[in-house]
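The chain below stands alone, shown as structure tokens; this is the form predicted on its own.
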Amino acid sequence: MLIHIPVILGAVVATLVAQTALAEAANGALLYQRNCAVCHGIKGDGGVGIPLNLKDFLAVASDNYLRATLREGRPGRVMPAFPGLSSGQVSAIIGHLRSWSDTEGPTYPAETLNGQPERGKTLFASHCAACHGDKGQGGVGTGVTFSRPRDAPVEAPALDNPGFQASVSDAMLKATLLRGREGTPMPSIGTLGLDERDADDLVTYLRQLNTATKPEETAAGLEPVIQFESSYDLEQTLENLKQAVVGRNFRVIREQYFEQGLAAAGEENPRRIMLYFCNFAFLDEALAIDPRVGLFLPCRITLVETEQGVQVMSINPKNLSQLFNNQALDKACQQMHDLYEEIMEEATL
């Protein structure tokens, strides 16, 4: 009896591939929880990211659009790309999103609409720019937030974003305009007295917004910590820091042992201290841009005394900024970086 080894190996490989695909499909909910829920909510009802469980969104979002969105992300707009997910994992996540709707994702023709862009520009200025920005740059900040009220429940997406432009088709853009999105400020254009011709003109204009470029990569090797050596002892350095903080219109909140809560009371190392301070106007502005800055606010500086002297250090906000994929936050993080350096330099010289 002849045994065809290549045939057998081929069958084994095909079986393993099929089993992997089935396993990935079964784990769509788990993959969503691990990669998406932190921003979009466990049930897709939004958070830092926009809600994904909206009936009108799922009715117009094609699988190709969702797949490309996961691959492209939204450079500079909070939504990251997920190059590490396999094709099967991406399909599994999309399948999980579809479980929130009783309709299948649409299939769109690969065609380019030929409207009148100048007329579309006028229509955009009249009906869209108030939410999406005068140049399609989107609303300020992130999507839905639960920590503080906003003028609108959802921040309008950036229509000029290279990730969005690469993911969405002309036909999907048109379908979105004609349908609107209930549960958000986005109306159907029919309620505005517009028709299909207007939709074609708007879509053609929107395609001209694709002038945004992906943000430049942050220089490699950006230090995660800002650090200075003090010319003074621990007590004097701490006092200098407080004066420098207050001199820049920040309020000292508290000082505590670095090991407080980690070591038994009375057993903390008294030579390691953290100073907390805040400017509440700055804090409010930063949270409005991206609530995730709460991970490293209020401001804090750590002092550590060793045999070699006193080290003064803080996190580098610029290093954290590159993790958030939010260009609107970069300016605030640069301001924080400069502030930390000024305060620590003044306190240690």
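Residue positions are given as counts along the sequence shown, with the first one as 1. Keep in mind that this is a model prediction, so the values were computed, not measured.
The next section is about a form of this same protein that is not shown, the form predicted together with heme C.
A.B. asks: Run the contact test on 162, 281 and 286 with a 4.5 Å heavy atom cut-off to heme C in the predicted complex and return yes or no.
C.D. replies: Not a single residue of the candidate spot has a heavy atom within 4.5 Å of heme C in the predicted complex.
A.B. asks: Which of these residues, 209, 245, 173, 275, gets a heavy atom within 4.5 Å of heme C in the predicted complex?
C.D. replies: If I apply the 4.5 Å criterion carefully, the residue I get is 173.
A.B. asks: Quick one: of 117, 88, 185, 106, which gets a non-hydrogen atom within 4.5 angstroms of heme C in the predicted complex?
C.D. replies: Contact residue from the list: 185.
A.B. asks: Would residue 142 sit within 4.5 Å of heme C in the predicted complex, counting heavy atoms only?
C.D. replies: Although heme C is absent here, residue 142 would touch it in the predicted complex, with heavy atoms inside 4.5 Å.
A.B. asks: So in the predicted complex, does residue 82 come within 4.5 Å of heme C, heavy atom to heavy atom?
C.D. replies: Yes.
A.B. asks: So in the predicted complex, is heme C close enough to residue 51 to count as touching (4.5 Å, heavy atoms)?
C.D. replies: Heavy-atom contact with heme C at 4.5 Å: present for residue 51.
A.B. asks: How about residue 316 - does it come within 4.5 Å of heme C in the predicted complex, if we only consider non-hydrogen atoms?
C.D. replies: Taking the distances in the predicted complex, the answer for residue 316 is no, it never comes within 4.5 Å of heme C.
A.B. asks: Can you say which of 231-239, 106-114, 247-255, 126-134 gets within 4.5 Å of heme C in the predicted complex, counting heavy atoms only?
C.D. replies: Of the options given, it is 126-134.
A.B. asks: Using the arrangement in the predicted complex, list in sequence order the residues of 53-79 with any heavy atom within 4.5 angstroms of heme C.
C.D. replies: The stretch touches the partner through 54, 57, 65, 66, 69, 70, 74, 77, 78, 79.
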